[in-house]
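The chain below stands alone and is given in structure tokens; this is the form predicted on its own.
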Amino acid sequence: MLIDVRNLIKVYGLEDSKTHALHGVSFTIDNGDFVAIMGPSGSGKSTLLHILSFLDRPSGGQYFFEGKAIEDLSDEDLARVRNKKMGFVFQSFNLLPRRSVLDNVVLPLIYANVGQRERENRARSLIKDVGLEHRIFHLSNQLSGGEGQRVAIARALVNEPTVIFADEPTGNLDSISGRQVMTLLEQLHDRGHTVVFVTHDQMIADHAKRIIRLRDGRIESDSIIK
């Protein structure tokens, strides 16, 4: 089991202005799962993804990642696990605009102190995998939205993570580019990657093998897609 969350609670604000984003959310995710988290605006789906990806901590409940309770880990430990085990794809891509595709993809490996030859070989291989070998030296601000998101996926994979988290990965894309990105995520899942993504779009969620629906910070349904 990769992820095990039990009675997760998340509260924002102080006593006089509390907002309850999550109310006792519980589920598990196994290695190799392909999970969509759905819900309307304000349902808690992005809050949940941020907790799952160690970008935030819960206010209550328990979260076990690979069998370890995250409340027992320091912020430094969490950052170390996050950098080694997790890849992130954001709606806004978060690319460095005046750096090349290659520069953007190798960046996590520089922080991980990987040698220059190995990091360039890894990055080039992934850029080829996402179909952008011909754009490898283009600046990221010269790319289309779909190309930029594919660069972001390559960057998310470069550290060979255990799980890929994606927050509305098609939210800023047209329908054709969105389908291309989801096809790429499907291919990654087929190769054995665990993929967990947030979306409000049913057509995008239908690419997953399992859909967890949230409403008002609670799980409304959790279903396997055949």
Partner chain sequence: MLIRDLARIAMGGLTVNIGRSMLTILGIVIGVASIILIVSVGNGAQRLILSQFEGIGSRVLVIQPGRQPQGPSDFFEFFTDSLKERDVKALTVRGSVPGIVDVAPVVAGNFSVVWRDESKRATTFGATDIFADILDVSTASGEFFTNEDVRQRTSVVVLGYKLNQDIFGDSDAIGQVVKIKNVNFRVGGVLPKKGNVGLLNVDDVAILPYTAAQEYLTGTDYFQEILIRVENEDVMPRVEEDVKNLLRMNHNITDPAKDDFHVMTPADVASRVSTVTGILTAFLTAVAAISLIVGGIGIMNIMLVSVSERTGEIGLRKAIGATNNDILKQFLLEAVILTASGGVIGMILGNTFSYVLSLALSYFLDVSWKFVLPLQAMAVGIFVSTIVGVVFGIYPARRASRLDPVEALRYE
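On a predicted model such as this, the values are computed, not experimentally measured, just so you know. Numbering follows the first chain given and starts at 1.
Same protein, other form: the form predicted in complex with the partner chain, not shown, and the subject of what follows.
Taking non-hydrogen atoms only, residue 73 never approaches the partner chain to within 4.5 angstroms in the predicted complex. In the predicted complex, no heavy atom of residue 136 sits within 4.5 Å of the partner chain. Remark: residue 82 counts among the residues lining the partner chain in the predicted complex, judged by a heavy atom distance of 4.5 Å or less. Residue contact with the partner chain in the predicted complex: residue 122 places no heavy atom within 4.5 Å of it. At a distance of at most 4.5 angstroms from the partner chain in the predicted complex, all three residues 50, 55 and 155 contribute at least one non-hydrogen atom.
Along 10 to 37, no residue reaches a heavy atom to within 4.5 Å of the partner chain in the predicted complex.
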